Each structure stands twice: as C-alpha cells, then as structure tokens.
Ligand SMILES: Nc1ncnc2c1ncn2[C@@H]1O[C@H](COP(=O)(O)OP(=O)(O)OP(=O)(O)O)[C@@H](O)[C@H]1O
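There is one chain below, alone, in structure tokens, taken in the form predicted on its own.
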Amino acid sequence: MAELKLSHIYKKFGKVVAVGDFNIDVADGEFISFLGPSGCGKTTTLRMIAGFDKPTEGIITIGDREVSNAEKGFFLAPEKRGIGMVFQSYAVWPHMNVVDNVGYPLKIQNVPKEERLKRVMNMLELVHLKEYAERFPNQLSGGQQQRVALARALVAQPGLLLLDEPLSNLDAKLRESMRFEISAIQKELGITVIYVTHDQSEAMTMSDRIVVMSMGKVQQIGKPYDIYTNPANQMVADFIGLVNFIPAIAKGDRIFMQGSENISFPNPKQIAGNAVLAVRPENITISKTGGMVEGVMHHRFYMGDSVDYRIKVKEQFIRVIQKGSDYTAYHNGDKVFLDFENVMSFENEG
C-alpha cells in the first residue's frame, strides 16, 4: 500500500496546458477516480504518476519518496516506482497461458518458481480464474481477459494500482459486475487505487473520492455523495448525474425563475444578475391538482422501475424521473404541475 501526493503538477505541450496545477493527497488504501470527458487530462495525469510522461512542473510522491521533481530535474523510471497498471486494452500475451501471463512480473523479478506459482494461484483464486489457469487468452471472454490483466498487475504486490479505463471494452452487464469485483478486490487487499474513467456510474459506485476534471483543470474533489448533492459548478452538476438547468435572475437574497415574479428560491451564494437554477429530475414531483410550476406533459419513457417524463414549461422542457408505477397516471397532453426540491444555483456561465 502507498500514499500518493501530487503537488502543483503541470503538463504542457508547447503552449497547450494539458494538465494545470493539479494537487491531491491520496491516503493509503484509498480508491480515487479521475472523472471527466475525453481530453480533460485524466489519462495524462495517470501517465505522469506511472512515469510514462514527465511533468513540466511539480512534484509527485509515492509513499515516502519523491518519484518526480521537475524543479530538481529528478525523474524515477516506471519500473522503479512499485506500481501496477491495467490498461483499456487487456494487453495479455496471446502466446502465454493464464498462469504464465499472471506470473510474468514475478519471473522478471527472479522469484523462485515454486513461490511464483503459489502467488499466481492465490491471485487467480482472488479474481475467480483458478479453473482457467491453463487456458490461453483466445479461450477466454473479454471479462476473463480483463481479470487476467488485473491479476498480473496485482501479483507483484504493488503499493499503488493505476487503472486506465479498464472496463470500457466490455458490454454493459459485464462492466457492471466487474465494477463490484474490482471494488471487492481493492477492499480485500487494502491497496491504493487511481482509476481513470469517463463513466460517472463507475466513479460513483467504486470511489472513496472523485476528482472531476475538465480542460486540464480540477473542477472538484470530493466524496460521491457530496459531489452529486453539492457540485462546485455547472460543469460538475452536468457531468455527474442528470440535471435540469433553468435560466433565472438573482435579486438580493432570492433567485427568480426567468419569466416569473412568483417563483423564487434562496440565493445562498449571493449571486447577482443572470443565474442558473439546477434541479435533479428525481427531485421534481408531478401533480394534476396544483404546484409551483404549470406545464404540459409532452412525452413519457417507460423504463420499468421508473418513468422518464418530458414536461414543457413555457418554451423549456423539464425532465422528471418518477417511480414506474406512476406511468398510467399521466398521458401526453395532460396539464400538470411541478414542485422542486433541493434546487441548486450557479452563476450563468454562458
């Protein structure tokens, strides 16, 4: 296990700042996800931690030793950092069976054959592949190959495990099951994990904390619940979960929904002028008898356990998610009323 510290990390390609002033302290045994859209800098940051890319500025510390210090010109090679890494592509060797694939890191460390086999079999049992020990990669499913790659990264007992979009090539059902497997293994071993993903569901379900990134900058670091319920800005609110953005005007200690002098919400951030109200679809209730806002039911999408509604309020569509049993209570064209809870507000970034 290992602590990880990034202090004022920058990565520049000419005048382009791929990662700007990244700072984080990761505790021993913590599971951290770097989350954001393509091109936000999350994989570049992971590569700097791994030692594949040199930071332009800043210091990276793993455990009690610096592995990169741009100011001093110090840079430790990847193989000397005591890390394991699993890539998006499984990168399992087709000419080796499962045992040899998993045991390869121990072989190059000159671990005796008997000890090597013992550790490999223990790891295969952990990832539920013991019965596939003699098979070759072409005899395995995508999920099994990904578990081989995970076992290979863990068998050398690294202090830090880096995972770069490891589930993106799997189908949805397998991806979901693998989330829980990786999380269970991490907790059992108590290993420190940095996990790169663009999938907010993965980040929310697996992480102790999430680092939300956009355009090379950290937008927010926090626990999944805190980031979901109290996003730092519109970008975070939009990227984590579903949200309705409603134009508004801030006046004093209230924020008024645009076009209405009657519908307003508290203004705890003391925003002035143009603002945006944000409300999650599950925090809106529908009624036929009365409520805060009047609208017209435009469309319903039945999802089984839930219904995804689109309700037209003046010129804007509001998305509402309610339990599936309510599906027959409303029909397209019905006049309905909406009530909002847990409304968030931001300065208008447009």
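Numbers follow the displayed sequence, beginning with 1. Keep in mind it's a predicted model, so treat the numbers as computed, not measured.
One more form of this protein exists, namely the form predicted in complex with the ligand; it is left out here, but the text below deals with it.
Remark: residue 223 does not count among the residues lining the ligand in the model of the complex, judged by a heavy atom distance of 4.5 Å or less. Using a 4.5 Å cutoff between non-hydrogen atoms, residue 40 counts as a contact of the ligand in the model of the complex. At least one heavy atom of residue 198 is located within 4.5 Å of the ligand in the model of the complex. The ligand in the model of the complex comes within 4.5 Å of a heavy atom belonging to residue 18. The partner is absent here; in the model of the complex, the one residue of 322, 44, 68, 283 having a heavy atom within 4.5 Å of the ligand is 44.
Note that among 314 to 322, 291 to 299, 60 to 68, 31 to 39, the stretch whose heavy atoms approach the ligand to within 4.5 Å in the model of the complex is 31 to 39. Shown without its partner, the chain has 165 as the single residue in segment 159 to 180 with a non-hydrogen atom within 4.5 angstroms of the ligand in the model of the complex.
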